[in-house]
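This document opens with one chain alone, in structure tokens, the form predicted on its own.
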């Protein structure tokens, strides 16, 4: 009967090994003998016949099976090749090691020995199929990530294109409005200057006539003149008229400055890369955003260093400055202060622009997201979440960097670093797409 059992075990497409509690080898079937590299000898230690078997780990498993009279399993995912058995079928043209599922089974107590059976199941086909599937899934995941990245880049490019078109339209409008205002303002200013000159001559003429009348003997004429002069409040007019004309001239000049700033900000004549003065861009942008920030910002400190002109797209950098200044004002509740610092780094041939506010600050949990497209902490309808994303893209296109540091209730600081001569020959819109 034992011969029948052994014959059955030898015909199984499973590996069967029987050993005792000391891991002394008592039986192996044909599956093991045929597929193991070395000849297996009975009565020997399991670990000398199968040196690849991890002894410490295996003995703990054996002790557990004997103690609890249970069965212990291990799958190919955790120990792919428990024993160095050759695969029973060629997989890729050559024989490879078999992937195995293994079971330790307690057989009982016989002839003063605790017997344990190790059953090895060939899981190669399953393993290869699952690994192929996992590889395919991993490839799909990678392609999905790439697709997501490309989709995100497309959204950013579209947003940049839309913003560029908006900026171009705003620039054209600003330049047009500036031109239409500047033309009449030029002759208004010219007329006021002429009026100032004529008024001075009329005042001088009045003084001359008064001096002539004072020499007349007819006191009645002199008294009548003084009464009329007092009734018309001529002295006050003579005192206030120059001041009124000067204030009007000053207002006209301020309007011309604003229209000039509009032209400088839009810079439609500088759509190509060119050398530009960063300080001029900052000054014109400050004038443009003054109406936006004056309600919360009490003080603007300009700590300007000596900067060389840099090769850039001036209107695009002005847009970055505008975004940062407006965001700074929005972060300030009251009694605000904005510091603008510029420096020239001679060693690296770069310049830096730092814009710092004393506003509410940005939480660390979202600090890494502020440059993401469409990310905003503002209420719906008050922000698109594109300002900082586009600013980041503009600085990247200039081969520069923009960094942020922020502390809650203390403020935020943006540091822009730009090379003097970036290795760029294309337009920003081309660079973005």
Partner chain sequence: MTDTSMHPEVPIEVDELRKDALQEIFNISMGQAADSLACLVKDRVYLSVPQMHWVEKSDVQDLKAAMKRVPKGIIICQPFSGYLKGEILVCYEQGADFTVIGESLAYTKEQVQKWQHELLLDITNILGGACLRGVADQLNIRLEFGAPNLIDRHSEVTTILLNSSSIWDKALVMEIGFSVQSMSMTSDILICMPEQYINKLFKCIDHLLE
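Basically, rigid core = biggest C-alpha set you can superpose within 1.5 Å across the two forms. Fair warning: this is a prediction, and the values are worked out from it, not measured in the lab. Numbering follows the first chain given and starts at 1.
The same protein also exists as the form predicted together with the partner chain; that form is not shown, yet it is the one meant from here on.
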For this session: With heavy atoms only and a cut-off of 4.5 Å, decide whether residue 33 touches the partner chain in the predicted complex.
Result: no
Exercise. Residue 75 near the partner chain in the predicted complex, any heavy atom under 4.5 Å?
Worked result: yes
Exercise. Going by a heavy atom distance of 4.5 Å, is residue 70 a contact of the partner chain in the predicted complex?
Worked result: yes
Exercise. Contact between residue 27 and the partner chain in the predicted complex at 4.5 Å, heavy atoms?
Worked result: no
Problem set entry | Residue stretch of 58-66, 387-395, 34-42, 402-410 approaching the partner chain in the predicted complex, non-hydrogen atom distance within 4.5 Å | 58-66
For this session: Only one of 109, 309, 229, 79 comes within 4.5 Å of the partner chain in the predicted complex by heavy atoms, so just point that one out.
Result: 79
Problem set entry | Large Cα move at residue 121 between this form and the one not shown, threshold 2 Å, rigid core | yes
Exercise. Comparing between this form and the one not shown on the rigid core, is the C-alpha shift at residue 392 2 Å or larger?
Worked result: no
Problem set entry | residue 65 C-alpha moves between this form and the one not shown by 2 Å or more, core aligned | yes
